[in-house]
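As a starting point, one isolated chain is supplied in structure tokens, in the form predicted on its own.
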Amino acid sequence: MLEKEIQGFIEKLRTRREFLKISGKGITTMAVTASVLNLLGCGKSGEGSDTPATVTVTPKGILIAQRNRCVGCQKCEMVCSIKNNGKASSYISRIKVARNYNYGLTMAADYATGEGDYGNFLMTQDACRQCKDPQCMAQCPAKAIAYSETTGTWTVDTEKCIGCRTCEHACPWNMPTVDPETEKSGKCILCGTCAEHCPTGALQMMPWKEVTVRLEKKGYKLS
């Protein structure tokens, strides 16, 4: 079962990486277990197979998010907004933790058994899904959101942005955020600053070269 699971993960990694090379678009996220985290050298001894973690496949590599490692310190939000907006602000950060802090993504009827600080203390690090057909881009009246070959992400052109908040409402996850001071929208461009400064390793950016090396150490090949 373990070998089948690992082979399945590597195959998904391989096919999605190849798809990105061809299309250049459509970053994908998949849930992974402790076995896969251990394969990538990110797991801890004793962690169960129900470890809530995801791997997001990007043009540069993979972004690993382990919710059970997140302590809700919101440092990722601070460094993100300083890097991309020049000021510390949870509200305009491209990665979202603060707004999910108390109750998780959605408030459960019995919140004491749900996620977040008022429930099971499980934090949620939420960020742009880089959709294949993003509604933020499709519905932007100023055509201010376009695919960037440089970053491999859907990116806001602040020169064109008129701050109308259409992108905020169009996104099913409300990921783009208009800065109330500058009236310009912003969204994740996978700069990796949040992962670079995460004190607990809850967020990790792993370049493709490193992914390949780690897999080869365990006797597997990515391509």
Partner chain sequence: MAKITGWTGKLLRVNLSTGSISTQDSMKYKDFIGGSGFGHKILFDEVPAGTKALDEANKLIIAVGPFTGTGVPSSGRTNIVSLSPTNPYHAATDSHMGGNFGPWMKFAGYDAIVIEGASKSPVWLRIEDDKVTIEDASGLWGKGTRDTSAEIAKIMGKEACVASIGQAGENLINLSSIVNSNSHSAGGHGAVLGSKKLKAIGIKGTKAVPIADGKAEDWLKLNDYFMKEIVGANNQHVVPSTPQPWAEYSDPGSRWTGQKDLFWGAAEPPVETGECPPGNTNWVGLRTQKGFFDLGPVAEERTIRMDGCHSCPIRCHSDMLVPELEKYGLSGYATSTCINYSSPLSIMIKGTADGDSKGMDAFITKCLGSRLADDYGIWSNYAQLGRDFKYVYEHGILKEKLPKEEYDSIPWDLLEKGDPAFLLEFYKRIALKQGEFYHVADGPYWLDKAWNLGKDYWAYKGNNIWSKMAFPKHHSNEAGSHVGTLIQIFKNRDANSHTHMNFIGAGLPIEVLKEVAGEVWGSPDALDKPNDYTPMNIYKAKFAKWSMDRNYLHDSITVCNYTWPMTVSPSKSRNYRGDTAIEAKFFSLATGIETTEAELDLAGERITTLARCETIKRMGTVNLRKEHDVIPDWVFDADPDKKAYTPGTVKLDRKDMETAITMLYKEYGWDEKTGAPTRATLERLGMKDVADQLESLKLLP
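Residue numbers count along the first chain shown, from 1. What you are looking at is a predicted structure, and each value in this text was computed from that prediction instead of being measured.
Although it is not shown, the form predicted together with its partner chain is what the next lines describe.
Novice: Based on heavy atom distances of 4.5 Å or less, which listed stretch (153 to 161, 194 to 202, 56 to 64, 167 to 175) is in contact with its partner chain in the predicted bound form?
Specialist: Checking each option against the 4.5 Å cut-off leaves 194 to 202.
Novice: Tell me whether Lys132, Tyr147 and Thr212, taken together, all sit within 4.5 Å of its partner chain in the predicted bound form, counting heavy atoms only.
Specialist: Looking in the predicted bound form, the three residues Lys132, Tyr147 and Thr212 all stay beyond 4.5 Å of its partner chain (heavy atoms).
Novice: Is Thr182 close to its partner chain in the predicted bound form, meaning a heavy atom pair under 4.5 Å apart or at it?
Specialist: Outside the cut-off, so no.
Novice: Taking heavy atoms only, is Lys87 within 4.5 angstroms of its partner chain in the predicted bound form?
Specialist: The answer is yes: Lys87 has a heavy atom within 4.5 Å of its partner chain.
Novice: Mark Ala138 yes when one of its heavy atoms lies within 4.5 Å of a heavy atom of its partner chain in the predicted bound form, and no otherwise.
Specialist: Output for Ala138 is no: heavy atoms all beyond 4.5 Å of its partner chain.
Novice: Can any non-hydrogen atom of Thr29 be found within 4.5 angstroms of its partner chain in the predicted bound form?
Specialist: Residue-level check for Thr29: no, no contact with its partner chain.
Novice: Scan 149 to 165 and write down, in order along the chain, each residue with a heavy atom lying within 4.5 Å of its partner chain in the predicted bound form.
Specialist: Heavy-atom contacts within 4.5 Å come from no residue here.
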